[in-house]
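First, one chain by itself in structure tokens, the form predicted on its own.
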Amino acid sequence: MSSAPAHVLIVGGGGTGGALAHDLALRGLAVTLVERGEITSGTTGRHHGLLHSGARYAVRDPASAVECIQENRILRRICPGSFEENDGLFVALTEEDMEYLEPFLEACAACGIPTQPLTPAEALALEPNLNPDLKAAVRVPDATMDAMRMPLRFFATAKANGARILPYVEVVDLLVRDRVVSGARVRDHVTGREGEIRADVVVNAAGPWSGKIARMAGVDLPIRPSPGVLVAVRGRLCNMVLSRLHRPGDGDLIVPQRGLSVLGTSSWTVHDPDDLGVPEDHVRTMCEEGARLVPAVARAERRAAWSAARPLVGSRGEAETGRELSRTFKTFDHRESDGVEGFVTITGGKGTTLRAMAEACADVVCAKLGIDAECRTRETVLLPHTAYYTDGR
């Protein structure tokens, strides 16, 4: 008689947690995922919806750029129909921007990101609302995605393969004895009841909240939550993703989302990802900088402004804005880094790299459990997002 499969408890119902549940379920493990709110209600459901080509990071963060372009191609293959394959334009408005052009093209080439330099006339033919004084533009394979529906495809497929997905269930403490984590004490916010979920491995996939979860195990995680403000204005003012051709800065991005245009984003660091705020000066900067790319932004009606926290890896100390930290991701086996067994953290990264993050983490989990099972998520086409609510019907 065969023994029961190893059980993994995933803490965090964002895109990374969903992708990890999918990966582990495909490898034959028993999976339970808990999320204190609704699925994707944290950072995943609040980002601008950009499927990165990696071009934004090519000059200063090539590791992240390579991750993005590789996952960009994989996600288009396994999530057909989830993206507007509208491409992006990096636009030079000043002489300083033009000085960035050659290093940008060279860095993209080194990272394997295809580019197409355009004249101002060619760029305006594609995007007539662009600032007519632009000096040059470069086309890259960016795209627009729905920040909730694309990740839901991972959750739907995980459920179809046996994973338990439990929204509104919050981890209030980890079960730790003799520096071994064996599960979590949880509170069901629907019933008000508390209980325990035992597991062979607990994975901390709580994004900017991962530091809080790690402290329950006595672990100091090198993570800094870095919020950014986004502003949605009414009107689809562009059909391609528009970015300033310079090193990443505040308000240098416009992402078309259905009948809206999303302006982003700023960056600072906080200690508590539940206490972000939406600074009005950041909102003004988004609108002012967005209007430099597309003058019609200045006349557009504001639909909403919000903030979302990025989980950036690499500093236990102070980081002024968060832009100095890489957008890459990292898996921590806390037995190796902190002497705590049965506990793994996956954090950092971007919405574009959720599948790769899950693969790297699942490899670590399987190695800990002595399980020899290959990743299958690179080629497995995901169920539609609607299957999450219909159980695959």
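So that there is no doubt, residue numbering starts at 1 and follows the sequence shown. Treat the numbers as computed from the prediction; the structure is a model and nothing was measured.
Form predicted together with a small molecule: not shown, discussed below.
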query	finding
Residue 88: touches the small molecule in the predicted complex, heavy atom cutoff 4.5 angstroms	no
4.5 Å heavy atom contact, residue 350 to the small molecule in the predicted complex	yes
Distance check, residue 35 to the small molecule in the predicted complex, heavy atom within 4.5 Å	yes
Interface membership of residue 41, the small molecule in the predicted complex, 4.5 Å heavy atom rule	yes
Listed residue that, although the small molecule is not shown, lies within 4.5 Å of it in the predicted complex (heavy atoms), from 213, 223, 137, 113	213
Contact residue in the predicted complex, from 308, 163, 156, 201 (heavy atom within 4.5 Å of the small molecule)	308
Options 76-84, 113-121, 99-107, 170-178; stretch whose heavy atom lies within 4.5 Å of the small molecule in the predicted complex	170-178
Triple contact flag 313, 342 and 358 to the small molecule in the predicted complex, non-hydrogen atom at 4.5 angstroms	no
